[in-house]
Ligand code: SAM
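Below you will find one chain, with nothing else, as structure tokens; this is the form predicted on its own, and questions on how it binds or moves follow later.
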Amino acid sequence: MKLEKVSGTDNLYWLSNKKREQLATKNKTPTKRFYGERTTWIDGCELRIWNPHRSKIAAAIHKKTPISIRKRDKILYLGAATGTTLSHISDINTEGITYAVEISPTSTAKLLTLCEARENIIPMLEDADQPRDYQGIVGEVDIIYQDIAQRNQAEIALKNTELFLKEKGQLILTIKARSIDVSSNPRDVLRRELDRLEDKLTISRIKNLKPYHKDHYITIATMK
């Protein structure tokens, strides 16, 4: 098995052999699993396989989207759900912090199990559409990652970038076209959302996440 570091990111690797290539993060809490993920040991390190069918960021990286996450980054994660993707981000930014916002009490209850084992996560039962409610906890961040199913996804992203994103920070936004408008062509929905973002943000990358996630797009943007 060949191990190769993913460029621009800490603690993230490609595992490959003649048959396939897999994404993996170095386990921050060795021997502990959080959602039934597969693991493997190489050179004394436990690696957790990051399934692109269960994570939009993993899907984007599999599709060669340049996403940079560093070990000291401060991250605001909007729509953390039960912590599947969050657990891998926690593996990467080992010396940083991730503020995990989730609106569902049920999902947050499951998320707390992960947070008990990971000191670099701060969970918040909050509505990402009301960022001033958690402004007293979250300061400036290097990255905002948003993966929510609310209809006003671009508006929520803009509210949070205005309050929290550093001048040279990046927004990583998952646009879920069917959650915004189930009756319209997903490409038309994407274009409308991008038009809303481009008033205040510079968009550097747009990637369709199929075949991993149907009608989902990853957008990378920075403040103008």
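The numbering used is simple: start at 1 and walk along the sequence shown. Everything quoted here is computed from the prediction, not taken from an experiment.
Same protein, other form: the form predicted together with ligand SAM, not shown, and the subject of what follows.
When contacts are defined as a non-hydrogen atom within 4.5 Å, none of Asn11, Leu15 and Leu47 contacts ligand SAM in the model of the complex. Heavy atoms of Asn120 never reach within 4.5 Å of ligand SAM in the model of the complex, leaving it off the interface. Contact annotation for Ala80: at least one heavy atom lies within 4.5 Å of ligand SAM in the model of the complex.
Taking the partner from elsewhere, Thr85 is found to have a heavy atom lying within 4.5 Å of ligand SAM in the model of the complex. Looking at Ala128, you'd find a heavy atom of it within 4.5 angstroms of ligand SAM in the model of the complex. For the candidate set Val141, Leu114, Ile92, Val101, a heavy atom within 4.5 Å of ligand SAM in the model of the complex is found for exactly one residue, namely Val101. The stretch in contact with ligand SAM in the model of the complex, judged by heavy atoms within 4.5 Å, is 52-60, chosen from 52-60, 184-192, 161-169, 25-33.
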